[in-house]
Structure formats: structure tokens, C-alpha cells
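Laid out below as C-alpha cells are two forms of one and the same protein chain, each shown alone and named structure 1 and structure 2.
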Structure 1
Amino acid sequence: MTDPTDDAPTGTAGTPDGGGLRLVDVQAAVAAELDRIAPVIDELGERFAAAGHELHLVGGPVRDAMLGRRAGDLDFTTSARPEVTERILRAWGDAWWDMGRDFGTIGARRGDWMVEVTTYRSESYDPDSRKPEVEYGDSLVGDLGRRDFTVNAMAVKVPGRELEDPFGGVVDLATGVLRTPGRPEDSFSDDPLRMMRAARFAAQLGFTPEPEVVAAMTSMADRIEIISAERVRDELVKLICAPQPRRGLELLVETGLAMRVLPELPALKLERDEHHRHKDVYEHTLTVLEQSIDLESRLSEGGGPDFVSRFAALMHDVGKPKTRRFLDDGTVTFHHHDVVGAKLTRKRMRALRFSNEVTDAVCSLVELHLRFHGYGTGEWTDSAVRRYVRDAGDQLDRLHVLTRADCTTRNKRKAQRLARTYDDLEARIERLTEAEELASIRPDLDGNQIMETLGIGPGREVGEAYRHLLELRLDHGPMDAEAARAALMEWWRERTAND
């Protein structure tokens, strides 16, 4: 087995013979994980039992334990009503919070442990409303039957640790299948977000939704439109940050969900060129995403998922459909698809309610993804290198990743040549940075020095002079104060002569 804490997708939980997951392995994996979280589950279980209530570890943590993965937050379900849960968690935790009383969920933290306890429910959605209407239920099985997939509809009783699996989740987990406890149409009609969760689990766990689930996703895709942008966004982020986003994205595109939540992606597919005058932009995009994932170790220690970098890879060519032109000589161009792509990306990210910070980062990467190619074969001026660094700002490392990933040619020599040229650029940036502290490029004189040199007070001219010196600084590198003053005086003479 591979490292059990690894996030690697394991359709059959990583058994070496590929013959599915063996019961003894599952039992051992679950026992190990339950031992690890024993300090929480044992004590909470006792406290709920003492109050006369049932408590079950449920959903994600049970599923992950079986897959030999560590659970993050611990989700529980209970027969206790929220008031009772609140009283117990208050006494147990360092902090507690109401996740929305209407949902019947109370959260709490003790040390590094985070728990969420939800009252048994039998909820149903009003198809026209964005909010679930919750009705509390009285039975564990009723609660589990309302969950999204059978692999998420298993529970472990605490205390006692008996597994409850009324819908055959263990079997589905062993075969890597996503199945709804009831009819998928009913389930998705209760909460259309579950269709996106199917794609997310395909990407995260490497599971395959059963054909009935795919069929329901396809026929009900438009129902996703009643779901709030925030919920859709959160699932999309989890999907994209999963080990195998391609599987999830392809599922979104195949079922028509992508057309509703990220139409720019299927639009790339429509651009397939029958005459093969250019490569398939959709396939190219998914490959760039995968290649950028392979380069993530450059971005952070350990190389964990980096949403900004991944989403920029996914969106980098979305300007192509709008900018494609076929020329008479049989060639094709996509002029300004970088700028157009950045605009479309911003619009999409606004609609999905991404923060300004994340949106700005992704859009500047999309806008800059071609810049490197304008630099030709490595004969760039220092000035061009400085501008590259300045324009990338704090996205420079990600721009390196995106630009390198954006090479999907099958021609090995061409790929190697591009990679070497980029190595060269990075080496030059490093040398220049060392010599000039590129990250904080400022003109050689500040505002006060400019006013002093020109003998003028604050005003429009100071700003103009500042920008002129900044341009000089970018073109020629640093100057000493004397040379800067001379250059400033020359500019000033010319300017006043022209007036």
C-alpha cells in the first residue's frame, strides 16, 4: 500500500492486486483511524450517551478512514436536538458556534480537533428556493438515506464503534462507485449541488459515478442554477484542488453541468478544428492543468494543491474561441486571446463570488501567460526582463509554472528548447534581482528629491517626472543620484521647451 495519509486517488483503495479493497484491510484502516481520533469520539460519545442520546461519526470521516486517509473535521450525527447538542459541546470544547440553527448543526473546537454535530434530519428542498428546509428526523437510517452517496452514508456508533451501513457503502467504496442511497433523480431534486459533489468525488477519490447517476446529472443539469454561487464555487474549488481534477472536469462537461457553472470550459471544446489547423484547445487545456500540477512543488514546500495556479491553467486559453481567425494562407490566429481571456475569467470569477484577491491573481496570470513567447529566442533586453518581473508582481512564481506548463507539443526537441529558454530567463531574473532588488523597483529619486531638483512644489509635474524616472529605471537599471538628477533635468528642459 502507498502512504495511507497520501491524498492519492485510489479507486480500489490502492490494493496492489487491483482486485478491490479487502475487508480485513478496511477493518484495519478503520481501527487505526478510530484509535487516532479516540480522544474525541470516546469522550463525546460518553457525554451524549449520558444525556440519553445516540451519537454517530458519519460521512466523510468514516469514508476516509476506510480509504486509509486521515479525516479532517469530524462530522457527527445525533438524535439530540440542537439545544442539547449545544449544551454538551459548550461543556466539552474550548469554543463552539452555531452553523445555522436552521440546519441543526453545531460546531465546536477543542485544541486542534474540530467537530460538527448535526441533528438527524429528513430534509427536503423546495425546488424553487435556495435554502434547504430541514425537518429533524428520529432515526439514523432515515438520516443516512438523505445523504448524497452511499459511500458517504455510513456511520460508526460512538461509543461502541459499530459500523452502520444500510445502503451498501462498503461495497461501493471497494469498487469505487458513486451511487445515491435512493433514486438519483429524487436525491438531486432535493439538492442539485449533489451533482457537483459527484464530480468532486470523482476527482478527489477517483470514483466512478454509476450510469444512472450520470444520466440524472445530464437530464437535471439545469437544476444547478437554483444553487447559490457560493456553494457551487466551494465544490468547484474542491474539485480543482483534488488529485485528479481532469476526471471531475470531464464529467462536468459531459453532463452539461459545466455549461451552467463554467461555460468557458466546454466552449473550448466547440473550438475543435475539423481541419486540424490548430490543436484541440480543450484537450490542451486539461494537459496544461495536469502539467502545472506536476510543477506545484515549485510553489510551496511539499507542493500542496494551489488553486490560483490550477485555475489560471484551466482558464488561460478561454479567450481563444472569441479571437480565432482563419487567414487566407490556411493559418489560424488568436490575437489578444490573453487579454480577452483575462476579461472573461474576471467575469466568471465575479459571478462565482471569488474574492478580489484570488480573482486578481488568476486574471493577471491569464493576461501574462503569453508574454514569454514575445521574447523570442532568449535575446531579451534587461529592460524586458525587468518589466516581466514588475508586471507579474507577486504572481511571478506562478507565472513561471504556468508558462512552463503551457507547452504541450509532442515535438520533444521543441519542448526541450522552450524549457531551456525558460531556465535561462529564470536565471537572468535571479541575477538581475540579486543585483537590483527587482521586486521593489522604484525610480532613483523620490518625490521630494524630484521637487527639490526641479525647484517645484507638489503637482501634476511631480507625478509625470516620477513616471519618467521609473521608465528610465526599467530600461537602464539603477542610476546613481547624480546621473538621475541629470536625466531628470534633461527631461524637464525638453518638456518646458515643448510647452
Structure 2
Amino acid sequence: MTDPTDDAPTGTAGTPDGGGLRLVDVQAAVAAELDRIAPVIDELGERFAAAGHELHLVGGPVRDAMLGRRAGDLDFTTSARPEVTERILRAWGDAWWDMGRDFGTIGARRGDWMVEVTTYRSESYDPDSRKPEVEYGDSLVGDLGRRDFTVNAMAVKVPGRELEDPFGGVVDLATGVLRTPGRPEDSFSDDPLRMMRAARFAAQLGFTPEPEVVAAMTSMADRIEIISAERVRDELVKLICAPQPRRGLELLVETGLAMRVLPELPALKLERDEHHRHKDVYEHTLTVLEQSIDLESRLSEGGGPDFVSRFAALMHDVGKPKTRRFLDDGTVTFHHHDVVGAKLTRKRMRALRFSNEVTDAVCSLVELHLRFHGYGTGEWTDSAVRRYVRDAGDQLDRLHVLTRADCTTRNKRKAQRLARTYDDLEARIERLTEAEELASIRPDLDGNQIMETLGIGPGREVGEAYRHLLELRLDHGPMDAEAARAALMEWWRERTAND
């Protein structure tokens, strides 16, 4: 929480959705939120004032209050140096920490409240460094001027509750405009990650960056390369999990930032042949993402956001540019783009330092997203259905969402047919699951039973026998123990005869 601009609320504000914020509503929302957090802000403000220092609630909590949303953790800025802040917070809180001391930040907890207090500062980045050089400032306006955007450059003095808005953040919040307090080139030079944050705020709040911000993002896109993969990844996750990720992704592509952080996305803008014999893959992908979001209620009671599902939708066709072929009859093919796409997705996610668990989940979905299209009009055998469930594993519900979202045809009759066909597949899965417990499908004999039946000890042969019984289970469904032993003995006799 050392950077108060690190998180933004979900939802939209301002005019992008046709509303805007009225001043009277803003005043009422701020007053209500300040009353709610009064036990924290008033006492802390008095303690800092008694020590001869200023204290201001700042950044995200102020913006959230104006949007009528409750703040979680609270960020403050102060004229006090860290050693003074530490002394005050030690006396006030139940616990304290100083992991952000290098940035002038001291944190504390009191009951359920978490606060972080940062000394007024002025920081800049060396052009070749990922870390800021921190210098303490001597004024609130100077501190607010180094923040990312005007909607995060507002403060409320405590005690007293006077609003400080030197850069017009209230107006920008009301009109849904994203501006920097000073020149955007200076802001993005200080911290290039702010360019990605602009895209994230567009996705989270529905804001529109002013032309000067977009121009600076475009001309300075290569500066993002000095930012660590982990910080880029975290911003990308927040953007994709926002209510309107398409807005942010389109901004990343438009400005060239996507070419540096997620080049597989702009690569989907394939040059279309004159007869338009294949879809616009880029537009199709963004539509699939939006449709997968609409289906998130299938994944959890709350209905999202689900990063794995969304990122799989975004990456599901990234193998198409490498696999596109024009045949002699003029048709276009993308053979094996599912397999190629899964490999490209894994490479990108590793570069962005995603966990193995998340990477495996996304890549599995990308590789499996075409499997349903072999189902035809329901010709699959029960064995094929079992294998579909087995291969999807714990990603089956997400695969249902991705497969349904991937239908973007404008032909309503075709769309309805595909939906009915997938309904049929899901119904068959449900029936087989009830009868056979597909989610935990395993052979009808375990390892000990295999060794007992064959009269052998642990070794390679046990694994081979286990896999053979699993294939029988997938092909024919469950068998009783006697039938399983008979099948195992038959396999064993053939195996030993061929050795």
C-alpha cells in the first residue's frame, strides 16, 4: 500500500456512462465516508498536529469517497519525517511496520484499520533504473504534483477535513477524464508503469485519457521495458480483472505498449485478404473476452472476476498468426493453432513471472478450446466424453465458459445450434458424472490390487498395468473387480507372450 494509486475501485464514474458526478453528491459522499472513518483520521490528525506536523488523507481513499465507495486501507501524507511518524504510530497502533521506510513510509494497524503514512516526497527515476531515487519534499502541493493522475492528487486535511485539490481532480473525476498533474512526459518518465496504470484506470473506472496522455504513452512506450516483469504482470492482472478490460487493452494496443508487454495481442491484427475469408482475429478475441465475462456467474456464486478464465479467452487464438495458411482454393486454415497457442501462452506467462499453477491452468484451456468442435451434432461416444472430462480436469467449468464464449458468429441460427449442441454435451457429462464420478475417474483396481493379481512387486510393470486399466475405464466405463482382474490377466498374458 506504499503507493496510494496502486488500486482503484471497480465500476465507472463520470460521463462515459452518461451520468457524471454532481458537486452536491460528491460533498455528501465525502462527508459520509469521513464520518465513517473519523475514529482513525481525527485522532491521528490531532496526534500529528500536536507534534507540529501536517497530516492529509490522500490518493485512493479520497477518490473512493467521492465515488461513494468505502475505503479499505487508508493512506496519508505528512510533513513529518519517518522517525517522527514511527514514534506517533507506535503510540497509536496495536502494531507497526517500516518495510517502506526507504520510500518514507511507515505503516500501522489498530483493530481492523490499516494505515500507511508517507513523508511528503519528490522522486524521480534514473532513465536506466527500475527503482526511484527518493527525496523528501516540503509541501503538500509538491507531493501531490508527483502523483500519477489528478484524480489521485487530491487530499483531505485532518483534523479539519479541508479538501485540497490543486490540480482539478474533482472536475476530472466528474467528467471521466484522465490527466496528469503536470506534463505526462514528466510523470511517465518518473515511473513508466503509470502508462499501464492509465490503461488500467480506463478499464476500471471508464475514464478517457486526454489526448496529451495518449500521445505521451505512444512516444514513450519503450520506457516500460525498464519496469520489472512482476510489476507489469500485477498491472496487467488488475486491468484484465476490471469491469471493462477491452477499453484498457485497446489503449495498450493503440499506444504500442502492448507490443512491449503482451505482443501476442497486437499480433492478432492479421492482414485480411481482399475477400475477407477469415474473421478479424483481434476483434474476435476481444469479443470472446467480453462474452466470457458475461458467463462468469457459471464459475462462482459471486460471478467473477476470474483472471484464469479471462486470460485464457484473451490468449486462446494467439497461435493463429503463426499457423495461418492460404490454400489453393482461397480458403484460410489455422491448423494446430491451439497447440501452438498454448506454447506461446506459456512462454509469455513465464516471462511475466506468473505462478506455475496459474500458467498451467491458462495453457490447458488454450490447448483444449477447440476440442468441442469435434463433437459435431453429438456423435461422440461415452468414451470420448470421458476423455474430454479427464483432459479438462479441474478446468472443466472454465472450459465450458471459454468454449461457449468462443462462438461469435453473426449467424443466429448457427449460434443457437452451437449452444444447443454444447447444452447436450454438458448434459451428457452430468449424466456420466452422476453414474461414474467422472471428476475422480481412476482404474477399477489400485496398485496393490494390480500387484496381487499379477503376483509382481513394485516396478514399471505396475504403472503400465495401471494405465491400461485406466484406458479400459475410459473406453467402457466402470467394471466390477472380477471383470477388471480378468481384463488385467488377459493384457498380462499378451504382454508376456510378446516379450
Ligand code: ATP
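Predicted model, so just to flag it, every value in this text is computed and none were measured. Counting starts at 1 and follows the sequence of structure 1. Between two forms, the rigid core is defined as the largest C-alpha subset superposing within 1.5 Å.
Undergrad: Look at both copies of the chain and name the one that is the form predicted together with ligand ATP.
TA: Here the form predicted together with ligand ATP corresponds to structure 1.
Undergrad: Just want to know which of Arg197, Thr175, Ala71, His335 is the hinge point between the rigid parts that rotate between structure 1 and structure 2.
TA: Comparing the two forms, the hinge residue turns out to be Thr175.
Undergrad: Give the turn angle of the smaller rigid part between structure 1 and structure 2 in degrees.
TA: Turning angle of the smaller rigid part: 8 degrees.
Undergrad: Once both forms share the same rigid core frame, by what distance in Å has the CA of Arg36 shifted between structure 1 and structure 2?
TA: Looking at the C-alpha of Arg36 between structure 1 and structure 2, the offset is 2.9 Å.
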